[in-house]
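For reference, the chain that follows is the form predicted alone, supplied as structure tokens.
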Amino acid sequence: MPALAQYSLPPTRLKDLFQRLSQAVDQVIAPTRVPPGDVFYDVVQGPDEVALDFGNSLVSPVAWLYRPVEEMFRVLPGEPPRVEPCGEEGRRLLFAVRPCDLAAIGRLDQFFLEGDFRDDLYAARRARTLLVALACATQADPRCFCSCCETGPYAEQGFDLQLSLVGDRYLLEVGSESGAALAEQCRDLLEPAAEDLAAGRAQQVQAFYAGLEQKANMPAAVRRLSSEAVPVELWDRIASRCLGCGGCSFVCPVCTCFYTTDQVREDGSIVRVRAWDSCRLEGYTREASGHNPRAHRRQRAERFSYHKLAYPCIQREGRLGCVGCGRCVTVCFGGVHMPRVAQMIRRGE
């Protein structure tokens, strides 16, 4: 989908733009660097706290939309008991979201908002959140493989505003009516975009692709997995290297597994809490009877890969179950992260 409008912004005005955008919301969440140098998305008060010189954060900013742990509702004691909804208030801005994470948000929107059941907590949080994307055309994280998933290095949709550094200028694109309203508040900072800005970004993209170190070739893996041409022994080899820690799920911005529990608080209220879970963990599919349909690590590895790559899942959900962010590459001690698994499937190793 083409941008609704395009502008040019000198880097010297970026802090001014940030301040102006901050005035339109109650809270700004942006990448910030913490000791010993890691980047996390957190609430910031000013532009000097924002880190833009990073490849990718270890924890995706989707965690601010689909919370790792959240209260769903509480039951207050009394006659009769009262049910009180939980949730957060206020309008907020997610600033400098990488295109792969933007694609992940699109996948979460589909899962939580467009299926048979609509998640009210996610819907309310999503409706109050504005998204400012930051293209990666000038900086590729060595772990990323977004080109294999068609999710980068810049976004074509899903953003309110998108910033792309091209040479000595930022290309600012408007992607929604909400983004247009934000841009209108910043018009005195913006200039008309010259025609060569978009062309310059296209040239940067070719250099970006050449600099990617991870090569996954997802389509070939999809074909082999979907045609049931993967030998059973391959899953055994993957399972032998997998620690079963679930780390790949917990850093994946697309995974949606969760569990719920009811907690009794000191005031006598009962709170239902939702928390992230992982289908890579043995207890995830264990039934109340004690039977576990996926008791073996090999079965869980196969199921995880199938949901990410198999064509029936892609057909149902409209996209790959992976956005190429590379976080699984960072956390997998066994070296059986998604690009490596795709490579093993392609080769039938």
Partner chain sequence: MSGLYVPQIAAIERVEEETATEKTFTLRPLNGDRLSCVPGQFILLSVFGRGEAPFCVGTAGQDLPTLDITVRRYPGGRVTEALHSLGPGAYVGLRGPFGNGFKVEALRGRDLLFVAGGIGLIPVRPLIRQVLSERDQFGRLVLLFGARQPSEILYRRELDEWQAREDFEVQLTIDVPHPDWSGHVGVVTTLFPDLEVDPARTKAIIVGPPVMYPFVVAACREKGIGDADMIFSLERYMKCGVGKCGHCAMKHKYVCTDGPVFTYEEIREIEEH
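Please read all numbers here as calculations on a predicted model, not as lab measurements. Residue numbers count along the first chain shown, from 1.
Only in words, not in the display: the form predicted in complex with its partner chain, which the text now covers.
Three-residue candidate spot E228, Y284 and R316; every residue lies within 4.5 angstroms of its partner chain in the predicted bound form by at least one non-hydrogen atom.
From the list 105 to 113, 149 to 157, 188 to 196, 213 to 221, the contact stretch for its partner chain in the predicted bound form under a 4.5 Å heavy atom rule is 105 to 113. Interface residue remark: G90 is not counted as part of the site for its partner chain in the predicted bound form, having no heavy atom within 4.5 Å. Not displayed here, its partner chain is kept clear of S176 by more than 4.5 Å at the level of heavy atoms in the predicted bound form. At a distance threshold of 4.5 angstroms between non-hydrogen atoms, G167 is out of contact with its partner chain in the predicted bound form.
By the criterion of a heavy atom within 4.5 Å, E184 is excluded from the residues contacting its partner chain in the predicted bound form.
Along 277 to 297, these residues reach a heavy atom to within 4.5 Å of its partner chain in the predicted bound form: D277, G283, Y284, T285, R286, E287, A288, S289, H291, P293, R294.
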